[in-house]
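To begin, one chain is listed below as structure tokens, in the form predicted on its own.
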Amino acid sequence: MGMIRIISRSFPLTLLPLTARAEWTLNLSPGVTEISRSIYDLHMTIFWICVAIGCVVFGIMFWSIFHHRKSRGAKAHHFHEHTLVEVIWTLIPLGILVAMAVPATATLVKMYDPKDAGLDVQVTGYQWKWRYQYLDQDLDFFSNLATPREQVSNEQAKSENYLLEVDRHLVLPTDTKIRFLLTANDVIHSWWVPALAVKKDAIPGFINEAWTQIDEPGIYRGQCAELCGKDHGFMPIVVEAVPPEEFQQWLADAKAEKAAAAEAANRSWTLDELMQRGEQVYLSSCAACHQASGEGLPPAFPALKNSPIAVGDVGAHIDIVLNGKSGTAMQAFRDQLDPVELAAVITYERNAWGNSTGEAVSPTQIADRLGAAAEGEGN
């Protein structure tokens, strides 16, 4: 799935189809963290112990078969008990297991020690996207698949990072211990980034912990590793590791961008502006279920084209986008999108695919609705 590097010098790559001509290897990657390298070293240690055991066992077996063959007049020796042999074949495996358990235990203890973290990030799995919350930093965003739908439907050539690119990276500082708090909003997901040696289930109503400390700046890709529905293969992870100073600058820029988005909700938006923005939001957040054509995948994902919701009462349309629909796959988007994005995508749904209501939902309408809901919850 793109996570495994493969290196082959003997097999003629010209015999492979174009999509299979990738760099590959048949082993784990050492990764870019101390833990990932410890896991790699542990893996290689156990591997060579197993190779040595195999060589000894099969060597003795083949020698015995050859040396004690019937043509040499060998006679089978019958015995039922031999205390020395039994002690030997008990103590040797025990010693091997202890030799394997010592480094394995040391690695596991380090893996499960998230204390003294310099940054806490909550990771929440949704169908089919990831939410990242930088705790104590007032920063919260969703990360969606950025691969164009035309590539998925084979209308365009597939890019180098096909199904492994997102619209917003999880940016993290290097040389800093980072604790992940993992949970899910709907079904079980699994957050997996091989280069960081992090793979942890995200379970609704439960919080798992993991941690990493990245040594090298770079971009590291991963995927959801738990079957979570029809678009399980469409929720990649992209971690961008940058030096601490650069991370602080990115953090300041992200907060400024968030403030600018809040300000944008107060200005007037034209129908054309909302339609242009709404198409982008729809393709990243809605098209997975309702399809780019708006025709959906009934009955689980109903069509929006000529839908009673999309061409009917605008208040009902806003309500279902904000709050979702209980008992269905329709999620509540009130916490996933900002007022401008919500207004834009609702406007787009009411005017795309021939719906043509001519109605524009303003960001202030959405902001007022969200404010009233928050006030009601507070009371």
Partner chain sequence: MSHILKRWWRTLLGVLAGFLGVQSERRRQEDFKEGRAIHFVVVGLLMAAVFVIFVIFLVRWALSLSGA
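Residue numbers count along the first chain shown, from 1. Take the two forms, find the largest set of C-alpha atoms that superpose within 1.5 Å, and that set is the rigid core. What you see is a predicted model, and the numbers here were worked out from it, not measured in a lab.
Omitted from view is the form predicted in complex with its partner chain, to which the following refers.
- You can rule out all but one of 257-265, 243-251, 89-97, 275-283: in the predicted complex, only 89-97 has residues with a heavy atom within 4.5 Å of its partner chain.
- Put simply, N306 is far from its partner chain in the predicted complex: not one heavy atom of it is within 4.5 Å.
- For the chain shown alone, T83 is a contact residue for its partner chain in the predicted complex, at least one non-hydrogen atom being within 4.5 angstroms.
- Under a 4.5 angstroms non-hydrogen atom cutoff, its partner chain in the predicted complex has T105 among its neighbouring residues.
- When the rigid core is held fixed, the Cα atom of S268 travels less than 2 angstroms between this form and the one not shown.
- Core-superposed comparison between this form and the one not shown: the Cα of T83 travels 2 Å or more.
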